[in-house]
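First come two forms of one protein chain, each written alone as structure tokens, so that there is a structure 1 and a structure 2.
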Structure 1
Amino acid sequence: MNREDERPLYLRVADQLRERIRSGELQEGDRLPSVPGLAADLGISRSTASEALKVLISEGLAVARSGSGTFVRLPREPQRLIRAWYRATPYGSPFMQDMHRQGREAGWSYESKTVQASPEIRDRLGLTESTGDAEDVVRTDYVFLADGEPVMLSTSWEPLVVTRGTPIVLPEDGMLAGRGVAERMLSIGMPIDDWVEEVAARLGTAEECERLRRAAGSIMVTIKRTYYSADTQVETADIVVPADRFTLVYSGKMGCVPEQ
């Protein structure tokens, strides 16, 4: 390392590792030296070695995996996430369609359960006051994958007053499993004809960053979405995507302009 460089030592160590990545010496998926190993190799403290690795993680050049180590991850171009009201067909999963257009393999894991909606979710779904401990929504937690990599989290709530007793009460069960909210609701005579999305950005929680394999404190784009059929809210969801991985693209058909 350059002794005339007056920057903190951990930045100079990060420079060395960054150069090994950019030169191709370290490839995508290669394991970076551990904190003890890096400290021993360079004769530096473990805290300095740890800070150097954190720099690479914050730059998106590495990812830390609990219990496994820190691995090289090369920068990627942000992917387009289409938030289009108008689609050629209301059938199928919008996420799968978007990934297919980009030549990527889509998948997801999920967990569904019936719960009592929180006050915020009750308001978003237009539900009346809760009665005792009665469960009144189906909550589904998703991790969406592109080419096997987690890229999006979503928590969806659907009111049982709409879906109870129908074949679609569980989003990922039955003949329409995984077909998307629009197709499922259409099958029970509740065509989605409106939606609202609130978009914001914030620091990711520790759990979100871990599940998305992002550095602690990564910036996330959040979307609060609600689907309507006529005047009835049929689903609301909280969506979380890493800000450096996706560009949100909104589009929709314009109505006719009335004559003056």
Structure 2
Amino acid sequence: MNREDERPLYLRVADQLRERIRSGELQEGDRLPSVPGLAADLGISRSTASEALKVLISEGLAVARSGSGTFVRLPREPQRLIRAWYRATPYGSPFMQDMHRQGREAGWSYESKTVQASPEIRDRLGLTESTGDAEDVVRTDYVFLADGEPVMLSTSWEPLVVTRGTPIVLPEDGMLAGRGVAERMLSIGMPIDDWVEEVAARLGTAEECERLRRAAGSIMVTIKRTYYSADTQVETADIVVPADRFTLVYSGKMGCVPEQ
């Protein structure tokens, strides 16, 4: 069976399947050989055939549908997300504009709550004065959609010390709903003049992978973003995007020359 057993059998079987995908013989949405089928064809055990398929799944090249089969799922060319601190556009938030430029139908759903900030969030928002047990931020959880599919998660925190008593306390309420943080803050006299984004990457949690319809253990790019107005933090957010779908684009000029 093994004229050369440098590499484990299940990896060699995975190589073989990967090659059939790469060559175009198996295309997007095609069904890969089933576990029993592979085992019979190659004269290997079902456990080993299953291991080989798991390799492709963990690489994001395939998805398993219980009871149905394992299907090729080619990574799309990643979309570009332009990271910029402020872009007033007819399409609303920066995400909406990026999707619109790429000819995709964008949408989002959200849920806002007034809550007490965690120590980390308090730190990121520069909330030094104690408010006891009082609620001090509005937390909004977003799911962003492209062509109806969830593609980005974001959790945003805005300090009540900034927004309390203004018409924009709730991010997705009122005239400026869906227009993005920058425009909303501008409307209450707090123009955003600086931002910081900390970019990292890690495996997605089970919940993130499920909400973004990715295979368990998919790689996620994470962004911790903070917006400033005159050295005051007015918003901070945790953003999660699947690494196989997005490339983040930063550029030297965007801080100086907002696009119109």
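Whichever C-alpha set is largest while still superposing within 1.5 Å between the two forms counts as the rigid core. Start at 1 and count along the sequence of structure 1; that gives the residue numbers used here. Nothing here was measured: the structure is a model prediction, and the numbers come from that model.
> Please match the form predicted alone to structure 1 or structure 2.
Looking at both copies of the chain, structure 1 is the one that matches the description.
> Determine, after fitting the two forms on their core, whether residue 31 shows a C-alpha shift of 2 Å or more between the two structures.
The answer is yes, as the C-alpha of residue 31 shifts between the two structures by 2 Å or more after core alignment.
> Honestly, after the rigid core fit, is residue 243 moving at least 2 Å at Cα between the two structures?
It does not, since the residue 243 C-alpha is displaced less than 2 Å between the two structures after the core fit.
> Does the distance between the two CA positions of residue 130 reach 2 Å or more between the two structures, the core being superposed?
It does, since the residue 130 C-alpha is displaced 2 Å or more between the two structures after the core fit.
> Relative to the superposed core, what is the Cα shift for residue 66 between the two structures, in Å?
For residue 66, the C-alpha ends up 9.5 Å from its position in the other form.
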